[in-house]
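Given next, in C-alpha cells, is a single chain: the form predicted alone.
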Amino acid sequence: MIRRLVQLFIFVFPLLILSAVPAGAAAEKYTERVFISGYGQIIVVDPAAPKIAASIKVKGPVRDMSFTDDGKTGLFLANDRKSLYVVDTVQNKIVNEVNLEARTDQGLLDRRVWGSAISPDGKKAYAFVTQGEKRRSSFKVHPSKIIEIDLKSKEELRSVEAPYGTHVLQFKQNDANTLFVWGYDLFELDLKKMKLTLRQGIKHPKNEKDGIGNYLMLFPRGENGMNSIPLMKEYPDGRVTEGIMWMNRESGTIKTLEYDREPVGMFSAVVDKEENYAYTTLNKWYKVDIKSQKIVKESVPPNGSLYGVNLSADEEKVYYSGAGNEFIIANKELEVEKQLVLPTDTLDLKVVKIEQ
C-alpha cells in the first residue's frame, strides 16, 4: 500500500507543480535593463542590484532611444543629432553607426535628426530630419522628411515629406507597417504606401472649444504599451490646465485627464498598462488616480529636478533619472528606496525587457 502511495505521489506531484505555473510564464523570461541617455555614453543599469552594468561610448549627448520587440537591439541618436548608433543590448556594444549627413552635387547636405525609431525586427531605421544644403557661399533649405534606412547597407530606401515640429517616431504595437508621428499634432505613417496622414489635432484641434494642447515630447514612453505625455491646454476663455495625455499603442486610442489644481509644469509622465495610475516628474512628483482624475500623492525629488520617470518591468517600482547624475528607485507611494550615482548628467531612461 505504501509503495502504491509513493508511486502515485511521484506521478501527481509534477502535475501539481506544472499547474501552479501561470500560463505563458515561459514567455515572460527576460532580463530587465534600464538604458539611460548620458553625455558621451549610453549608461546601462541593472536595477535589481542596482548597479551600472555597462557604459557604451558614443559621440556627444544621447537623445532618442528605441528598441526591437525582443529588446536585443537598440537604436540611439547622438553625435549632435547626426548619427544613429545600433547597439547589441545583450553584449552592450555598438555594432553599427549610420551618419545621416550626405554629399550633393554642389555641397554638403547637413541633416539633424529630431525623432527616430528602429523597426520591430531591427532591419530598418526611420528618422525625421531637418536638412539644408551647405554650398560655398550659400545655404539652401530642403524640406524636412522622414527617411527609411536599411541598417545593414546603410542605404536610404525611401522618404516622405513631414511637418516641421515632428519630434518622435513610434511604432504601433504589433504592427510593423504603422508609425505614429508626434509633432505639434499626431500623424500616422503607412509604411506600405509611405503615406502620412493627420490622425488627431493637438495644437490644432478640430474644435477650438476642446482647447489647444501643448506638450514637451522629448521623453516618449510606451515600453508597456502606453505612450504617456504631460499636457498643457489653453481654452478660448483663457483658462490654462495641466494634465496627462496617453495613447494605447496597440489600439491607437488617446485619452486625457486634467488636474484639479494650478499648473506647475511637468517634463515626463508614465501610465501603467492597466490605466489605473500615472506618475509625473520635474520639480514635483505626482501620483495620479486615473479613475478619479485626482492627484493622490505628491512628493519632491531628493536632489532637485528630475526629467524622466518610468515604471519597472513588473510595474512594482517607479524609476527616475534625467538632468542630474542619478538613478532613483521609489515605491509606488513615491518613497525613495535606492539611489545610484551615474558617471554623467543624463536626459532620460528606458526600461527594456531583453528576451532570454
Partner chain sequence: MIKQKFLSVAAAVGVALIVSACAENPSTETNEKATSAVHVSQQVEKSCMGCHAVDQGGKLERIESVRKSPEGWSQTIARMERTHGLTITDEEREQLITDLSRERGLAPEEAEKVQYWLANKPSYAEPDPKNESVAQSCINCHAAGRFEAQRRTEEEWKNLKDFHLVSYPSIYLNHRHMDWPQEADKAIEYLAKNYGVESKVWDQWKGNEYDVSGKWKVVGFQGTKGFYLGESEFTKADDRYSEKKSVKFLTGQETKQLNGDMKIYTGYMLRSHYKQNDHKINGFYNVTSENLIKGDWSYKEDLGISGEETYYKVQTENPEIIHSEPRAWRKGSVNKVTFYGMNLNKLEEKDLNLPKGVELTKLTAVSDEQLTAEVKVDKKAESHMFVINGGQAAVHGKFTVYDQADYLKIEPSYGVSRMGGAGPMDKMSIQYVAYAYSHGKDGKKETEDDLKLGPVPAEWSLLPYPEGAEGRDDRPYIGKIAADGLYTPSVEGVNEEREFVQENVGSATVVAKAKVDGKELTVKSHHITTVPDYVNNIH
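Please read all numbers here as calculations on a predicted model, not as lab measurements. Positions refer to the first chain, counted from 1.
There is another form of the same protein, the form predicted in complex with the partner chain; it is not shown, and what comes next is about it.
- The single contact residue among 206, 103, 261, 239, judged by any heavy atom lying within 4.5 Å of the partner chain in the predicted complex, is 103.
- The listed set 98, 186, 231, 189 contains one residue whose heavy atoms approach the partner chain in the predicted complex to within 4.5 Å, identified as 98.
- Screening 242 to 250, 272 to 280, 138 to 146, 172 to 180 for residues having heavy atoms within 4.5 Å of the partner chain in the predicted complex returns a single hit, 138 to 146.
- Residue contact check for residue 155: one or more of its heavy atoms lie within 4.5 Å of the partner chain in the predicted complex.
- The shortest heavy atom separation between residue 38 and the partner chain in the predicted complex exceeds 4.5 Å.
- By the criterion of a heavy atom within 4.5 Å, residue 126 is excluded from the residues contacting the partner chain in the predicted complex.
- Using a 4.5 angstroms limit between non-hydrogen atoms, residue 165 touches the partner chain in the predicted complex.
- Residues 203, 214, 215, 216 are the members of 201 to 218 with a non-hydrogen atom no more than 4.5 angstroms from the partner chain in the predicted complex.
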